[in-house]
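First comes one chain, alone, set out as structure tokens in the form predicted alone.
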């Protein structure tokens, strides 16, 4: 009985903390400048992109170095459809197109990659496929604009009938992140998600129990690809520009860095990792403008990489992993004290 009361108290505290945090996120945009609103909008969308990678890296144990294929394609499809007409209908069409493209692309990628039979080989194959797609996009100038990119043909925020200010874009991105977090969390807690975690822990044992592991990996790839593609479409609304950088290995490494910094296998860690990666890049760019002669600030990834090395040394499971370990230690210490 006492245990049930304790569990109920913990759940109430968690719910109250989440409600307070959500209320804070709903209030603070009215006190932010446009630059801060843009940064937070990017944080929310890139957090979903990080979650899409965490489905593979954290819950399946699969490394995909071509994840930017779907994110960059989502950005391009968002810009292309919104250039036709800046309204909610075009946006919904872009979402439908990117879901179909990502599902088909994820399935085809699984057919190719899962034949390699190893994590390292799969990573190298996905890296090669990603570079092939990026090179095709650079040469297909009539559609993608090549290295010059493809801007939206209007100066105001996209989806003008839905919102016309940066505050609206903030809420738009926040709602997207919350909805995708609930959907991906439900997927992870489903029987399929449980099988994926068993594959991550011991694929041979999962096969021995009768699971067709390649089929479940294919499902994980498709779900991850769709989530990455959707985040690309929403990113297009905020960034209002698409170029081949979003298809490059750099953006795949961004997703990897977001999950590693925040904590793999948590989903929530992607939010923390996205905030850190986006904030440190923005902060260092501001420092570069303030101190133009100090060339070290022009390379933010040096600082991000240094932080990552320290994180691996002192908190190898990421920030969320460190929080969980600290919470476990506190509960253990409290139990010993009571005993």
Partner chain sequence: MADTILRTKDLSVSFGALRAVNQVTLDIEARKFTTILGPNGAGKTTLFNLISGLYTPNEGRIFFRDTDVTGLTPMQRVQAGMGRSFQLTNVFPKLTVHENIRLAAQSYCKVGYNIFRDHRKFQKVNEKTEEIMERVLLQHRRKSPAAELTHGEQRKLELGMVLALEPQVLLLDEPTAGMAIEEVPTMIDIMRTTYAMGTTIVLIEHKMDLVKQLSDRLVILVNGAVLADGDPAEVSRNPEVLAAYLGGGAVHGSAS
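On a predicted model such as this, the values are computed, not experimentally measured, just so you know. Residue numbers count along the first chain shown, from 1.
There is another form of this protein, the form predicted together with the partner chain, and it is not shown here; the text below is about that form.
Asks: From the list 267, 219, 109, 122, which entry has a heavy atom within 4.5 Å of the partner chain in the predicted complex?
Replies: Contact with the partner chain in the predicted complex is made by 219 alone.
Asks: Among 139, 153, 115, 207, which has any heavy atom within 4.5 Å of the partner chain in the predicted complex?
Replies: Residue within 4.5 Å of the partner: 207.
Asks: So which stretch, 236-244, 194-202, 142-150, 90-98, is the one near the partner chain in the predicted complex (non-hydrogen atoms, 4.5 Å)?
Replies: Stretch 194-202 is the one.
Asks: So, in the predicted complex, is residue 189 in contact with the partner chain at a 4.5 angstroms heavy atom limit?
Replies: Yes, residue 189 sits close enough to the partner chain in the predicted complex that at least one of its heavy atoms falls within 4.5 Å.
Asks: Applying a 4.5 Å heavy atom distance criterion, does residue 212 contact the partner chain in the predicted complex?
Replies: Residue 212: contacts the partner chain in the predicted complex.
Asks: Looking at the partner chain in the predicted complex, which residues in 28-65 have at least one heavy atom within 4.5 Å of it?
Replies: The stretch does not touch the partner at all.
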